[in-house]
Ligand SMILES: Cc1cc2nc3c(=O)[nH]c(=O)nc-3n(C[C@H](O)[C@H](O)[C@H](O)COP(=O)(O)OP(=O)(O)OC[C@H]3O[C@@H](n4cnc5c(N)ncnc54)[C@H](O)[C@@H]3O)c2cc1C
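Let's start with one chain on its own, the form predicted on its own, as structure tokens.
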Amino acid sequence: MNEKYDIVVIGAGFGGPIAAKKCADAGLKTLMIERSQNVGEKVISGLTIPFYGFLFGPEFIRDGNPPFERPADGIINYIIKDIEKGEIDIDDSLKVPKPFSPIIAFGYNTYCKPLCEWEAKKAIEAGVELRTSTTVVDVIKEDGYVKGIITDKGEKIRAKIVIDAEGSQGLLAIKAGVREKYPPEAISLADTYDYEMTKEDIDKIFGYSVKMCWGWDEQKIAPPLGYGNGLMVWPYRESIHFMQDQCLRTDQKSVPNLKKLFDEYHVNITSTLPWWKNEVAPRAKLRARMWEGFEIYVGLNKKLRNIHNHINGMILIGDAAGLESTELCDGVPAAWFSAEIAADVAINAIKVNNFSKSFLKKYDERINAHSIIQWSISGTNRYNLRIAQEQHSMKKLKKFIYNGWGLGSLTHFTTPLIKTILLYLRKDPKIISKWIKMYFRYFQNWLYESYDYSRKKELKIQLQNKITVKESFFLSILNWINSFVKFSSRLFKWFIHPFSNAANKFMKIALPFIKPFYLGLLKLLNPLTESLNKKLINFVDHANPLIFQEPINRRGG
């Protein structure tokens, strides 16, 4: 007997549970299928999830307590001119300044498995049925429509709509005829070393910054071995990731021995890079090495970008739809955004009983209109590193690094950021105060390892009805912000919104003048900002967690 569902979601990674939960919240009978025995087993590595994923993603993530390993306040770029002579330039312009850092974070360093597990639990609580150790091998097609899926166990599960969240390596979308196989030049192979390290050592050596290294190929220290690659080091709570990634070149006569080259590069840089050799190596213990492939340049391939991510009865989301960031190599925000959009379209399709491609095209229309997604899949700085490599141009190398992972990113990210903020302000004038609470709650959770489903350390204060003077002042500031936003709604409409379209162009002109003033001001105010930073962290450390919750769940006060 065939099983029947309203929605079948394939994959319980980052995007699948988001789509499944939203469909279940709407009252739809929803099944989520995961090929692994346990959720997250296929994505055991880690990454930095940028702040905009949390700000503009699902409400239950923004207002909840998702697990992450460490807030990230920015990026330190090591531009290696000559490793033997120790000639290394540093670009650390993309950092959240104090006193706001690290409470206001650039992103959050996260292990994939616990976050995927957290998302899946939220989906199950909403009524989603999760079926693990099950692989979808084909779709049920009738009269040109996808009407369900077929598993490796021979089960035929019928559904009104199938949402494919199986990732970039999944073959179902190809078998169903939704998209083509990604070409080799669009794929990156990541070689990741996972090291154990004490929190005290990581705090001292890394703080909250992600470190990236860039250099010439002949030095054999930091890719590109092929096109637009880099070497990244992520600090977590009690571990670090050292990752080299390789995008294949298709103009070479012979296929390089990547395993041999990766090993050689790893040995070279870990034995010559001063801060790794002297500070990290004596304190780090290797516990795992992981190989992982992910699509990165799909958005830059015009043919692939123009392929529809839907057919009759089926929608692709996240990496399955080629929405990996071309510069940050991160697909989580786009997976979250596209999952919610897919769920919205699927819910409406079921309401009107229309599962045709002509109706589901609303999904692609909304993806194409999403400012953050489109910016994320169209950035060319990482791709263009090949130009600097081929021409051996230090000027161009620094330019692409600055524009991709330095303050120069504001010249192409400001417009989509402002547009998205304005969109959220129109929907909810109180959204800024919710974002601020999120940042403070996330940081307090980091301090205490206090997340949903687990608490490893006890809070220094007891939950109570009354709030302190400092806590009352904090809430008063949020109320003032809400009032200001409401009062200034016309200002946003008449001035900020028209400016948003020209924001990137403005930053290209103004940033060269703003940067020296900004950096000089930070240096001048450093003693004051350091003092304020300590006070702010101390406040979060001792504050009643209830004041950071949304909505505030307290009595009295």
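Worth saying up front: this structure is predicted, and the values here are computed from it rather than measured. Residues carry their position along the shown sequence, with the first being 1.
What follows is about the form predicted in complex with the ligand, which we do not show.
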query: The ligand contact at T30 in the predicted bound form, heavy atom, 4.5 Å; finding: no
query: Any non-hydrogen atom of G404 within 4.5 angstroms of the ligand in the predicted bound form; finding: no
query: Contact label in the predicted bound form: A165 to the ligand, heavy atom within 4.5 Å; finding: yes
query: Heavy atom of V298 within 4.5 Å of the ligand in the predicted bound form; finding: no
query: Option touching the ligand, based on a heavy atom within 4.5 Å in the predicted bound form, out of A335, I161, A123, A72; finding: A335
query: Sole residue of T135, T270, S371, N312 within 4.5 Å of the ligand in the predicted bound form, by heavy atom; finding: T135
query: Residue stretch of 522-530, 34-42, 509-517, 493-501 approaching the ligand in the predicted bound form, non-hydrogen atom distance within 4.5 Å; finding: 34-42
query: Stretch 323-356: residues contacting the ligand in the predicted bound form, 4.5 Å heavy atom cut-off; finding: E324, C329, D330, G331, V332, P333, A335
